[in-house]
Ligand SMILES: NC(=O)c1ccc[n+]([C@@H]2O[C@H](COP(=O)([O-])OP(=O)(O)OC[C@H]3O[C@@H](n4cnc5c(N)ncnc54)[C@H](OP(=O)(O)O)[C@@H]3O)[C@@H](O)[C@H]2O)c1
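Before any questions on binding or motion, here is one chain by itself as structure tokens, the form predicted alone.
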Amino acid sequence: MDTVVLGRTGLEVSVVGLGCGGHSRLGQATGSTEAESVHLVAQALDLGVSYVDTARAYGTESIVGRALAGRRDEVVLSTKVAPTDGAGPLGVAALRAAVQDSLERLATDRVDVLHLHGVTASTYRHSREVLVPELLALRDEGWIRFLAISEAFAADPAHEMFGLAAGDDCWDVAMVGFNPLNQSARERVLPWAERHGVGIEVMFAVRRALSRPDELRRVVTELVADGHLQPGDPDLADPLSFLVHDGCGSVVEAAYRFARHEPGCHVVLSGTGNPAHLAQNVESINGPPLPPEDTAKLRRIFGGLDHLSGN
């Protein structure tokens, strides 16, 4: 397993991060038992994964806690708390209580990376002015080690929120959407992160449009019809077929490798409930860069898009 230093945190982590949310939630959304999900987390650790990312909202913290029993020191553990709740902006007392609840579910005395979860442009000011001071207090008390922020990429594919965050130096880690169909973080997020030493976790490296051929054809056909792509540039019958060749076995593999080797990206998250898929995804992310001509073609065709996430 390749490793990398996660920005200014100084933490050495695997380039593969186990994502415990997404469409699968460690298999909990697709019928897995809790024991099967616990085994999946253990399998990830056995494969060399040392970065595990969950969240209060995913409902998988207790599973992660069970899986890490006796192995807590093998991983850098990340979880998240949303800056709002059903009643409105999250208060300081509620934030502290939420972090305490997460620690109990995770069966640990500290979280290495604590994200404010799915922050939008409209919730950024409250996050920065009200919640960050409390997170700094929790850091000083030893509850958390590093402060992080994740965007709501599906709702904010152009990274509007990070335009606000770029004015602050309180963030040690950021979770950012990046994939072949939306590479806009290259210009809008990664330069800020590199200047400030912010560690980058990539989410949405592979989503439905990149894992399901019918969905990819539909998305690309709409992009051409709407004038976002030039007719005849991507092959509408098989838009990313050029990525699959002797050196790359699938579009999914190519998408993971594309994100992994983007300068400024550190950890690429992969979420699944399927042990075989987990092993495949780890192998893909741990693989070499795409051939330069493939990367150049992806940039040329899709590099101007900033309005879709890949679903």
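Just so you know, these numbers come straight off a predicted model, no measurement behind them. Counting begins at 1, following the sequence as shown.
Keep in mind that the form predicted in complex with this ligand is not shown, yet the notes after this line are about it.
Undergrad: With this ligand left out of view, choose which of 280, 62, 43, 286 has a non-hydrogen atom within 4.5 angstroms of it in the predicted complex.
TA: Exactly one listed residue reaches within 4.5 Å, namely 280.
Undergrad: Could you check which residue among 67, 49, 252, 259 gets a heavy atom within 4.5 Å of this ligand in the predicted complex?
TA: Of the listed residues, the single hit is 252.
Undergrad: Would you check whether this ligand, in the predicted complex, lies within 4.5 angstroms of a non-hydrogen atom from each of 113, 139 and 172?
TA: Contact check failed for every one of 113, 139 and 172.
Undergrad: Would residue 16 sit within 4.5 Å of this ligand in the predicted complex, counting heavy atoms only?
TA: No, residue 16 is distant from the partner.
Undergrad: Would residue 24 count as touching this ligand in the predicted complex under a 4.5 Å heavy atom rule?
TA: Residue 24: yes, in contact with this ligand in the predicted complex.
Undergrad: Taking heavy atoms only, is residue 265 within 4.5 angstroms of this ligand in the predicted complex?
TA: Result no; residue 265 lies far from this ligand in the predicted complex.
Undergrad: Report whether the minimum heavy atom distance between residue 159 and this ligand in the predicted complex is within 4.5 Å.
TA: Result no; residue 159 lies far from this ligand in the predicted complex.
Undergrad: Any idea which of 97-105, 182-190, 234-242, 147-155 reaches within 4.5 Å of this ligand in the predicted complex, heavy atoms considered?
TA: Heavy atoms within 4.5 Å of this ligand in the predicted complex occur in 147-155.
Undergrad: Using a 4.5 Å cut-off on heavy atoms, which residues of 249-274 contact this ligand in the predicted complex?
TA: The stretch 249-274, when checked against this ligand in the predicted complex, contributes 252, 256, 269, 270, 271, 272, 273, 274 at the 4.5 Å heavy-atom cut-off.
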